[in-house]
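Provided below as structure tokens are two forms of one protein chain, presented individually as structure 1 and structure 2.
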Structure 1
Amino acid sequence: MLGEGIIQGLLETARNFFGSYVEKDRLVTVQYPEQRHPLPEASRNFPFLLYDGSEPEAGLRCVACQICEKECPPRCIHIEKSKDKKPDFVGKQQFYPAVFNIDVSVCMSCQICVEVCPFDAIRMDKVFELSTSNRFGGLLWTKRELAKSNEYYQKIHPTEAAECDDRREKELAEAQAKAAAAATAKAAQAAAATAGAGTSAASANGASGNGAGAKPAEVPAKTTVTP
């Protein structure tokens, strides 16, 4: 029937309109900002940097590989690599960003920086009330504004954060097992070298003892008896 879809849409609108007076579930608006709908887990706005522990500078996961800077379509990320290194969560020495800036006035929240990061160091936030009167400095976020803890990440994206934590725990367990195996092999080599040195010393002492042993008895000379 021609126009059947329009009629169904009008009926649904009327049902929600009159039903909103008796059923709260049919309310399509809220009294913002006093009332707020909870945001879905998949919602995203601008990126932020993850850090572990309580110290943002020490626990920052970013290693300044600059992949996100190179892959960013609007070129809103600027990174400067540090001169020194610090240990990461598995104890490996890594660089860290001395400067990490994001110009959110240019960022289009495409999430490409999150997808290309191999260190789980950057994620998308859900905060959207970010208006400011400073159109330049207020929209250029530095490492200080971008750094947020893993606990915060677990609150806003619990499913994604749990998968990330499981993956990092496996990497840590593998690194610890590899380090333990390397330490065991090194200890075995040291023990073998010590045992070999002891055997060589014993052999040398034995050879020296054999060479300085008692001389063979002298054979007495024949005595000729004259009749």
Structure 2
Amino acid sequence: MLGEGIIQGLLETARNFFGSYVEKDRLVTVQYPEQRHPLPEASRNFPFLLYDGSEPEAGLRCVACQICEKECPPRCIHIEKSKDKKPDFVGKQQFYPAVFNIDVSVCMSCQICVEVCPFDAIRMDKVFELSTSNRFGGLLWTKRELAKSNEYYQKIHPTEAAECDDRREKELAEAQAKAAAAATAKAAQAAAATAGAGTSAASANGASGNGAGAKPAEVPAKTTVTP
């Protein structure tokens, strides 16, 4: 019969219309922004830099190795290495980024910087409401905007953060065990030699801390990264 197909189709729309009152599967929209769907844990948006402790500058994990800068497909990361060094979480002397900028308007959220980072220093954030009225500076994030605490990371990516913390704890324990073994060996050596020469380990810590804080994060005029 002519028109049968149309009636069949209308029945289907009626089923969906009335179904949306009772079936969760048929009513999927929420009233954004008052209501929000929870984001899955794996969700990613733009990168941020992790720091340990409470001081963003001092605790920054980044050692300015510039691997992410080289690997970033759209080249939106710009890093300038520091002149001096500061100790990392195991006490090893490392450089730190004097300048670390990410042009978020160029970033394509691919997460490759996170994958290639050997120091667990860069991770993906979940925030997505980032509109700004400043077209050029507003989306150029410096070290100050990028630095987020480890607690924040634990909050947004709990599983991943727990794994990361475990790994770092292990590394720290290994480093400490190594240091302890070295210390005992040294002590034994010192005891054997009787003349105890003063350890020079303490001097290394003196140079840290400044440098990172001395230079306020400035926005350079141009952020394009030289290949």
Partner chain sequence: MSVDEMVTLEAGPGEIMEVSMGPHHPSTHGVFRMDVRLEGERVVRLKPVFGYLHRNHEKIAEHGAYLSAIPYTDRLDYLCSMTNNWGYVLAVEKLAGIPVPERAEYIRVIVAELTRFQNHAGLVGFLLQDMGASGTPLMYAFREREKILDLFESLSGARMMCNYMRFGGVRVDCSAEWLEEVRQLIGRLPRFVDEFEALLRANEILMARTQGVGVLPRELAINAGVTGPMLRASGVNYDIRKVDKYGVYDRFEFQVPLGDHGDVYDRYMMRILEMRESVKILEQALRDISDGPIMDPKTRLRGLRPKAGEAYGRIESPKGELGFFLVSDGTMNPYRYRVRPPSMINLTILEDMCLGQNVADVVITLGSVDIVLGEVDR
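Every residue number counts along structure 1's sequence, beginning with 1. Think of the rigid core as the biggest set of C-alphas that the two forms share within 1.5 Å after superposition. The structure displayed is predicted, hence computed values, not measured ones.
- Remark: the form predicted on its own is the source of structure 1; structure 2 originates elsewhere.
- For residue 13, the CA shift between structure 1 and structure 2 after superposing the rigid core equals 7.7 Å.
- Look at residue 22: with the core superposed, its C-alpha moves 3.0 Å between structure 1 and structure 2.
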